[in-house]
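Form predicted alone, single chain, as structure tokens, below.
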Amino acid sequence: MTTQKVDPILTAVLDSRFNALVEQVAGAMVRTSMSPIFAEARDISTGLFDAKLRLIAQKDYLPILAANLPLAIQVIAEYWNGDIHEGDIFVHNDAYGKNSHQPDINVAKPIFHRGKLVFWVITKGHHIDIGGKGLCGYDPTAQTCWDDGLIIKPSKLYVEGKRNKSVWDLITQNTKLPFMVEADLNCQVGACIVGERGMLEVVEKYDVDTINACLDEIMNHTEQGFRDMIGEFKDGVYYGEKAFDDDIVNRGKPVTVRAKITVKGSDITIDLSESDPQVPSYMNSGWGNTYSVAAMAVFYFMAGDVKRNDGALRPIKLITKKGTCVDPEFPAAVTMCTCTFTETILEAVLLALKDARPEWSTAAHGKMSLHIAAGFNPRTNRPFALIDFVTCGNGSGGTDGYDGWPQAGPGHCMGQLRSPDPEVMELCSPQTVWRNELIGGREGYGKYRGGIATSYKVEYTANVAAVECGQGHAPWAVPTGIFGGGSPPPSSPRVIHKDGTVTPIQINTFWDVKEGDIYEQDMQGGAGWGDPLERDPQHVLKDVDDEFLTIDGARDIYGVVIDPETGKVDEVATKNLRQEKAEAAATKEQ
């Protein structure tokens, strides 16, 4: 740490500049990518680091990827220690090298100034394919990480500015869509160069020592602010646990994540070591992903914004046990770690923290049932692959004072995963979108109800292969309402065939789509916060007016009586009905 005196105004200016720059890097990825996963869904993250590998700033379009960047850059730098040169560009996706999962590929560039390594820029993006025997890297039958897809140990895409053709060929020729993978890797390379240029402009204007002194101040200030937030908790040990449906191999047998959170002063320790053993499918979470979601859960819980830099990570400690589902032994499969497992770890941590500060707590988001398809697109005469992020249109959970957001997406996205433009999806894949609308009755009820979910209907115009990935269908796996709030019903993906017959889709299975088949899903809304009988009657009335709730539902669920003639709340009848329901509930508990 430098002892150089810093100018507070310059420090603030540089802080803003770094955050703007990392957003420019992400913007370059969005504008130059080929895959809708980058450009539409924005399943990406970017970061800047100093020479000590401290996180300076990041753009976490998808929050689950964000806290993983510091791990990825450390692995790359340590792997190539002593052999890092100007013009080198690195690639890395190894889940057992502290990456998230293999479809998430890191591309990183060291930034040199006058022959000295001074900074790093890194981009991470979910690629449309990473090989393996599944679709887009998702294979419910996977037993090892080799089944998940190609494993890339930290390697050089460019060696001192020269394209490393053998590494490019190794990657692209082991994927099913090499033209798209190559294009998106080039997109990441270009984005890194944008970051390099921006950082060098800053270095040319302010010397490296001055910048580093300001970075010390920025990170220390972030750390202190975050510690002040943690200090508002009461010291103690808090527990939460959540299960998902099953491990696929043993249908109906839940897999549970158990969180013990210790708050002591301004430090917070998340202990997941009592979670269930690792499982024989892709439903495991590697340590790198587990760390990322644990940190993300704490950031998400806090009442204010937490700036994403090295200072925010210092108060958080993670404890796991090797051989558990949150820290499996190599070579267990892990592809679903950024989806199902992230949702489960997040909810377990949030259920623990709710007892530390109830007024900050948030009920769970709806759980994702992700639809993936691949095949040949007759319109373009090219193969295609589709991760249909429209099927992530879940509602978020209610919180003290606010209903959940409609169509917010699953918890690990925190409202930041974009639902793709249907017209773009129709251009990229052989399908016609017939419906994508909000639908009531699938949210958890409460004083503050869960966010409204989505009903989706799409028709395929070609024969394709598909896989449905997710969880949240067994009673123990649906999102948990808190403080008396209700849980939503499970999602219901299904196929409507040409002859009108309907086939429910079992989660985490492959299935075939025939030309003319219609895929339909009513997704989950968010879980509720607080007793439904305490909900503001005018909010209940608005839900009825918006056709998210019926008059009968208002009476039966919320105890709110609405006159069908006037369309207004009968306040006297509502007060009496709510009192009757409360007394009946108290008698039942006795």
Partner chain sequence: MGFKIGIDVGGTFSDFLLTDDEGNSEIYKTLTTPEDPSIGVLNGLRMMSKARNLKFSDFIKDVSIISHGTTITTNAVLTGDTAKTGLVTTKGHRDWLQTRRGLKPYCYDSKINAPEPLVPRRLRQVVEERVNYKGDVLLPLKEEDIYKVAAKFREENVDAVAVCLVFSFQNTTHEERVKQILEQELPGTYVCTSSEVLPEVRIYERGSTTVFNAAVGPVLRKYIKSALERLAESGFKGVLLIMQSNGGMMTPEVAMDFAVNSLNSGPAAGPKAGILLGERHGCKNILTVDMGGTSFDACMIRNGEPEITTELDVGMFRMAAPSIAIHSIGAGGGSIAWVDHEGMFRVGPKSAGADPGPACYDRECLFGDVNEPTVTDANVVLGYLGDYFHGAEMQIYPELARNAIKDKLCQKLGLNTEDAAYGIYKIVNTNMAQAMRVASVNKGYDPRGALMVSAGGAGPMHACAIADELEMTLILVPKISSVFCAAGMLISDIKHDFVRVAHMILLPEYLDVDLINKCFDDMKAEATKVLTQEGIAEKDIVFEYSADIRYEGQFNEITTPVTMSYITEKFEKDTLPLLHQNFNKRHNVLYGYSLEGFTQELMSLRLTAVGKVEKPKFVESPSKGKDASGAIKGQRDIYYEKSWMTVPVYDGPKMGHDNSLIGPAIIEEPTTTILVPPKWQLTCDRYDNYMLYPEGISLEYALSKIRD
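Residue numbers count along the first chain shown, from 1. In this text the structure is predicted, and so the values were computed from the model without any measurement.
Unshown form predicted together with its partner chain; subsequent notes refer to it.
Visitor: Can you confirm whether I319, C325 and P475, the three residues that make up this candidate site, all sit within 4.5 Å of its partner chain in the predicted bound form, judged by heavy atoms?
Guide: No, the candidate spot makes no contact with its partner chain.
Visitor: Heavy atom within 4.5 Å of its partner chain in the predicted bound form: which of T144, S492, T172, N436 fits that? Just give me the one.
Guide: Only one option qualifies, and that one is N436.
Visitor: Exactly one of A373, A191, C339, I76 has a non-hydrogen atom within 4.5 Å of its partner chain in the predicted bound form; which residue is it?
Guide: Of the listed residues, the single hit is A191.
Visitor: May I ask you to check whether Q24 falls inside a 4.5 Å heavy atom distance of its partner chain in the predicted bound form?
Guide: Close contact exists here: in the predicted bound form, Q24 approaches its partner chain to within 4.5 Å, heavy atoms only.
Visitor: Is there a heavy atom of P277 no more than 4.5 Å from a heavy atom of its partner chain in the predicted bound form?
Guide: Heavy-atom contact with its partner chain at 4.5 Å: absent for P277.
Visitor: Using a 4.5 angstroms cut-off on non-hydrogen atoms, would A39 count as touching its partner chain in the predicted bound form?
Guide: Flag for A39 set to yes.
Visitor: Taking the shortest heavy atom distance, is D60 within 4.5 Å of its partner chain in the predicted bound form?
Guide: Because a heavy atom of D60 falls inside 4.5 Å of its partner chain in the predicted bound form, the answer is yes.
Visitor: Looking at 503-511, 119-127, 479-487, 223-231, which stretch has residues with any non-hydrogen atom within 4.5 Å of its partner chain in the predicted bound form?
Guide: Selected stretch: 223-231.
Visitor: Note that its partner chain is not shown here; using its position in the predicted bound form, name the residues of 25-53 with a heavy atom within 4.5 Å of it, in sequence order.
Guide: In sequence order, A28, V30, R31, T32, S33, M34, S35, P36, A39, E40, R42 come within 4.5 Å of the partner.
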